[in-house]
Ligand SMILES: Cc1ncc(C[n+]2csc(CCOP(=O)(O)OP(=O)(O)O)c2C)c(N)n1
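The chain that follows stands alone, in the form predicted on its own, written as structure tokens.
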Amino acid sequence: MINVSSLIKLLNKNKSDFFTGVPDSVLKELSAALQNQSKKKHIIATSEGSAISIGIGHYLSTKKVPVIYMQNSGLSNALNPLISIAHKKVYSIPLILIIGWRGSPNIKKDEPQHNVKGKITEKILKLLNIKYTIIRSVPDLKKFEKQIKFAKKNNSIVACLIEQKTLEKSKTKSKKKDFYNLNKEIFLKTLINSLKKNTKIISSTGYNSRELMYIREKYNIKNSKDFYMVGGMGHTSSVALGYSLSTKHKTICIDGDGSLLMHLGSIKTLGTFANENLKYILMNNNAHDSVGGQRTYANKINFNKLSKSLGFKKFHIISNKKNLKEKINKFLSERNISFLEVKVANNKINELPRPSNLIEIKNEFMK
């Protein structure tokens, strides 16, 4: 195992002290170690492509090689600026990528979507002509350091792949901060019980889908059907829009603040083209809850003004359980495209299930 401070010291030693990226469960020890850095040293980006671009800007300003961290599933989001701006044959901009390797062939058990991406992660890096090191032990750090020096000398991109349980857990537990108080289980249970039989729910990746699944099983609620976005962060609203346009069924999109911000332009498309059968719910806890609780900074956004400027006709907000059922029913009964912001606390459930038989879930949803 590797102590995250050893990795940071190696990077700082090579004058790479600017970090940007998207939080990842494999790398949460790294983001926890960086959370007290100033914004001149550490920026949590909304997407991996944005993180690459922020890093490019940092290099253009300082001539120092930036460090960009991400989960390997987000490597696809990063491809455009990696290829069309930073690539050796374009602007030849040196970057250091730290990639959490979910679904590594070396790890026996992982989720289906991670297994698919995990098997091709090395192939993607090779196609991009990016030299990389798999970091599993302290000697691998020395190999990675040689590649960092190569990147600086040749103005190229290098990467390291880090598997689950490679980084040592911090002895001091960082407690997640609740920005809001409404319990998500109470809200979701009340919401589901308020839905009519043929209603369809499309929920975002991470805890939203897992909590929805948990509540269905715990309370045996079967009055509507769910499609869990086990991957594709940021694309929940687009899937919901595409589904809702070709059906008369009421379609509920349950999104998260991190997901919304990752591809914010998609909400504009939804606001422009959606019919009144689509209802958009933002579960806003101002945190990347499932990967460590890092802030999204969504608490600074006025979603009333934003949603209306993007095409929504009605805006609703729920921040406590007072008159909860009445507020939910009022939102659901709107005959216009409507946006509901729910200010919720972080997840309070210790053992959440994970969607596993995905083909069965899809087929059941499509019946």
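Only a predicted model underlies this, so the values are computations on that prediction, with no experimental measurement involved. One-based numbering along the sequence shown.
If you look for the form predicted in complex with this ligand, you will not find it shown, but the lines that follow are about it.
This ligand is not drawn, but in the predicted complex it has a heavy atom within 4.5 Å of A287. At a distance threshold of 4.5 angstroms between non-hydrogen atoms, G21 is out of contact with this ligand in the predicted complex. In the predicted complex, this ligand stays beyond 4.5 Å of every heavy atom belonging to P94. K184 belongs to the set of residues with a heavy atom inside 4.5 Å of this ligand in the predicted complex. Of the candidate stretches 190 to 198, 288 to 296, 219 to 227, 241 to 249, only 288 to 296 has residues with heavy atoms within 4.5 Å of this ligand in the predicted complex. Contact with this ligand in the predicted complex, defined as a heavy atom within 4.5 Å, holds for exactly one of Q71, T121, T166, S266, namely Q71. Scanning L278, A151, M262, I215 against this ligand in the predicted complex with a 4.5 Å heavy atom cut-off leaves one residue, M262. With contact defined as any non-hydrogen atom lying within 4.5 angstroms of this ligand in the predicted complex, M233 is the only contacting residue in 210 to 242.
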